[in-house]
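Consider the single chain below, provided in structure tokens and representing the form predicted alone.
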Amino acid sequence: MADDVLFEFLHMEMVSHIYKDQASRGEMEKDRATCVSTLEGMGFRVGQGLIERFTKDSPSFKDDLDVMKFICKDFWINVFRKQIDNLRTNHQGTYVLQDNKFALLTQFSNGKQYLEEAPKYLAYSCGLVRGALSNLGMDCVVTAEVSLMPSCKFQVVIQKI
């Protein structure tokens, strides 16, 4: 329980620090993309490291769906202390992971009060997922969408080579 709170505070401070650092330089619209990219890059590296540790004793995965099930169950439980609530796929490389009570948004609001602020708090998590999948050999694009806080949907599009 205490670990969860520490991680949430650390995450909020990372976002706050990066946005304040960029705001002090001016040109906020261009810097918003830089902030999101910085947070996503940090998450990417952490996701790579975490997935190495979580999969060291597990057997190899047989397909993309197996990997996504692992992300939704084991990876998500280890990082956010709960499973993804819903996993959907079109069986053509697009997956939607839905978390109805996303841990990094529950401290802000229930409803639509801070909806416009939500994306900056999701960039790190998108990077976590992308980094984990990258280390498992899946090149992908991860985006997040919030329509009602604290519910969140992550869309993972696998890039076929």
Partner chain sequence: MEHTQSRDACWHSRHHSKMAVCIAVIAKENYPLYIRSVPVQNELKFHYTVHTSLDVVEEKISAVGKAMADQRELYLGLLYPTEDYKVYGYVTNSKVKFVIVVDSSNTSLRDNEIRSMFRKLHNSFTDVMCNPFYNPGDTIQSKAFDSMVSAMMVQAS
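All values derive from a computational prediction rather than experimental measurement. Positions refer to the first chain, counted from 1.
What follows is about the form predicted together with the partner chain, which we do not show.
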>> Which residue, 101, 69, 32, 45, is the contact with the partner chain in the predicted bound form, using a 4.5 Å heavy atom cutoff?
In response: 45
> From the list 136, 123, 105, 97, which entry has a heavy atom within 4.5 Å of the partner chain in the predicted bound form?
Replying inline: 136
> Which of 128-136, 113-121, 32-40, 88-96 has heavy atoms within 4.5 Å of the partner chain in the predicted bound form?
Replying inline: 128-136
> Is any part of 43-61 within 4.5 angstroms of the partner chain in the predicted bound form by a non-hydrogen atom, and which residues would that be?
Replying inline: 45, 48, 49, 52, 53, 55, 56, 57, 58, 59, 60, 61
